[in-house]
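Here you get one chain, nothing else, as structure tokens; it is the form predicted alone.
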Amino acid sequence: MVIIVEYNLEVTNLTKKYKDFQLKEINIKLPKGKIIGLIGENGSGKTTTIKSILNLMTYDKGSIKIFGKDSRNLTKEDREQIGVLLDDSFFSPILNVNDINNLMKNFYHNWNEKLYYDTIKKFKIPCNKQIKEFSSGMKMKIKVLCAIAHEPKLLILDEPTNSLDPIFRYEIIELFSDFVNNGENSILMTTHITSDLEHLADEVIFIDEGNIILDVPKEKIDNDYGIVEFFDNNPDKIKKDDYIKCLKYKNGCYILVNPKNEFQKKYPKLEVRRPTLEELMLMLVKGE
């Protein structure tokens, strides 16, 4: 009997306790062909979640399935289907692009040498220089490429666009979009550069102090959430039941509303705009 697996990653009630921090019942379902962005402040629990998924640390409660299997019981072949990029991982600084290719093709059965060198050329990465001579952006490009060039089905990425300038980030994001286009591959990525997820993520999970406080399709954020700005300290004549959060600043305040269509019907003279992910994070954490 053939078992059809709908999700490349399933995290259920993941819990991890520390002395002064607790990751509390994290749930993630990553379908094939989709990208989930895991966002939150530093120390919110993103990296703990990633390392638990990769079995780089133990957890106290819950379950993690990859390709429908318990993540602790994956075969070597299963593990080769996972591409990983962690912020603190890299190659020896004396290697060059060709050295890395020779290492990786002996390590991964599915290493795609043509994809590797085609992307090296596209990214304009020099083949004859040692890694220690690369800029931080070039190093990150190599790390991303090595996570993809062995043709995995699942990418687990921790801050993949960190240290990249806007043009480099665009190229990397384009690479990620191409990666999931076959409908079988998936990406879970953490990032503090939330603008990278605006046109990339299918779903956004916002984690704060170990809790998921928002888990919605990106389309729902675009369609349902709205921000209204007032140039005074109080949203005049707005009932508290009609907005979620209010964030005050020196010369005025913002309110966060959902659903924005109903709000606009009640207050047709007010301008309601779509929040960026950064604004949404700020309103949910700092708003009253």
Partner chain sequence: MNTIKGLLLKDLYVFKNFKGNIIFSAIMFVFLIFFGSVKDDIFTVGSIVFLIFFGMNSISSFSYDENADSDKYLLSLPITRKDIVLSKYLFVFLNSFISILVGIIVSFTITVLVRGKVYNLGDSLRICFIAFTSVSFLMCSNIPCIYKWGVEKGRMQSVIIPALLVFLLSMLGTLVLVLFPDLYFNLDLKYLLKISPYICIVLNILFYVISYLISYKIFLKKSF
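What you are looking at is a predicted structure, and each value in this text was computed from that prediction instead of being measured. Numbering follows the first chain given and starts at 1.
There is another form of the same protein, the form predicted in complex with its partner chain; it is not shown, and what comes next is about it.
Residue (of Leu200, Ile120, Leu175, Leu95) lying close to its partner chain in the predicted bound form, criterion heavy atoms within 4.5 Å: Of the listed residues, the single hit is Leu95.
Contact assignment for its partner chain in the predicted bound form, among Leu86, Ile125, Val180, Ile131, heavy atom within 4.5 Å: Comparing distances to its partner chain in the predicted bound form, the residue within 4.5 Å is Leu86.
Region of this chain that lies against its partner chain in the predicted bound form, out of 180-188, 208-216, 95-103, 164-172 [heavy atom, 4.5 Å]: Of the stretches listed, the one contacting the partner is 95-103.
Contact flag, Cys146 vs its partner chain in the predicted bound form, heavy atom cut 4.5 Å: Close contact exists here: in the predicted bound form, Cys146 approaches its partner chain to within 4.5 Å, heavy atoms only.
Partner contact for Lys76 in the predicted bound form: its partner chain, 4.5 angstroms, heavy atom: Lys76: contacts its partner chain in the predicted bound form.
Touches its partner chain in the predicted bound form: Thr58 (any heavy atom, 4.5 Å): Within the cut-off, so yes.
Close approach of Lys51 to its partner chain in the predicted bound form, 4.5 Å, heavy atom: Lys51: yes, in contact with its partner chain in the predicted bound form.
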